[in-house]
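Below sits a lone chain in structure tokens, taken as the form predicted on its own.
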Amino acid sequence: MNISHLLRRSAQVFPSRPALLAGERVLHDYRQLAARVAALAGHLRTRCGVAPGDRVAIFSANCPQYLEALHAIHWAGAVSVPVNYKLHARELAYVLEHSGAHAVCVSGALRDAALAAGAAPATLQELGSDAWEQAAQGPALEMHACAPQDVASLFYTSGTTGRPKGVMQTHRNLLAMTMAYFTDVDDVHPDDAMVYAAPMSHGAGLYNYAHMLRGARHVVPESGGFDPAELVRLAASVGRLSFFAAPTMVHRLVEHVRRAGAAADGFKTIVYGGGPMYVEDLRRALDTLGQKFVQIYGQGESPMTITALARAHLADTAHPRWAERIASVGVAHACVEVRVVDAEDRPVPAGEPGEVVVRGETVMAGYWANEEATAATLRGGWLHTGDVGSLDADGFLTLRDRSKDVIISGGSNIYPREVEEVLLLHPHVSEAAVVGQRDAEWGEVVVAFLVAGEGGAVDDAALDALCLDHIARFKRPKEYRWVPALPKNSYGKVLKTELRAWLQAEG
């Protein structure tokens, strides 16, 4: 089934419901949105020569036309290639070449960057332009009938360990992901509104399908991004607002609400993921905004769907292991199996660390044009995530770190998140990121990069004392570095590769 059937279904069942908003302004109802998507799909087919199975890239910041482009590509039976709009021209050029993109849907501000990356002018479709609007009024294309195993989207990984790989997400994967949202994350009411404050090229955009199915509203902020004050205003005016956020975004929203004394009643659900949510930050968020949170753990290779920490688990403060559970990423989604295994792919006992592996309906078909990486990652029928974690006896998964982020000092494994959790207990530490630095004697030593809170930086002795009160001496950072800000990607995820590069550059 074509994943855009969800849009067509809502257009038939809920034609007059508001579908797409720019801020508070309703642009289209479901009937109008589906008609525009069908016409744009026809334009891609007849004017751009896009055939079923062809790849079409979307290189754009958040805008209302992003959803139109995404569904038009699926409607035509083509394969979407969502691209991080902050990529360098060389990185974009690689994605376009590797995917064999037949056309590129681009926002006006990024047109020159796409051309610099080698996109042919004739292939560019400028979102929101006069030509785009004209195409949206053209003849409709009948939706292409896709098989469940057909590729719907190529999601390119961040490429932290070499060239990015194109994850083949099928229509079945995306449909299973959508159903898992209802079973394990949140139900959606027609009066709900999904606001796209995080990049639509990543996880936030994937949650459009669940809201399409329910005939809910899709809101693109006027700013096109994450602005805590704007979100608070939209929560008050639009109401029943849900959104996906990286933990750093949650942190910023909570700080704004606390400083401004703003009401949070208009927020319905905040799904957080994409990086570690530290316990102290989570406690502060729950105290400030209430029980509105759900955590998900997923990868592009199993989009948004490996485990979930439900609202009910976060609210169950009377449970004797509540403090441990809120530090976890929850339990396996209903449609997948999760294991923790050793180097020989054998399950390890409860509580023991190992690599997290997954199998189920959301797991990718493989990597585009990369059989070797596909075989290695999907060996034995399980997706090998590269994440280190442990499962408790009740099925709660606690992530330690990415395997590449584990610090080995003097032969002992040190998981950066454990150290970061402790450092964030200090009231003067707003953000923390821990990495390993090469050392001739120890192999690696622990270095902590810190961002000061309102009270300003504190001396090393205070942080040493804090660490020694909570963790083993060998895990204590050998150096604390105060920085104005941590390097982050467009999703708010801390780029530890850059932190390590800073250290390496110093020799």
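Bear in mind the structure is a predicted one, so any value in this text is a computation, not a measurement. In case it trips you up, residue 1 is the first one in the sequence shown, and so on.
We do not show the form predicted together with a small molecule, though everything after this point is about it.
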Just give me the single entry in 295, 123, 409, 178 that has a non-hydrogen atom within 4.5 angstroms of the small molecule in the predicted complex. 295
Identify, from the list 273, 436, 366, 77, the residue with a heavy atom within 4.5 Å of the small molecule in the predicted complex. 273
Interface stretch in the predicted complex with the small molecule - options 260-268, 137-145, 113-121, 273-281, non-hydrogen atom within 4.5 Å: 273-281
Answer for residue 354 alone: is it within 4.5 Å of the small molecule in the predicted complex, judged on heavy atom distances? no
At 4.5 Å between heavy atoms, is residue 252 in contact with the small molecule in the predicted complex? no
Contact label in the predicted complex: residue 155 to the small molecule, heavy atom within 4.5 Å: yes
Does any part of residue 387 reach within 4.5 Å of the small molecule in the predicted complex? Heavy atoms only, please. yes
Looking in the predicted complex, is the small molecule within 4.5 angstroms of a heavy atom from every one of 5, 41 and 150? no
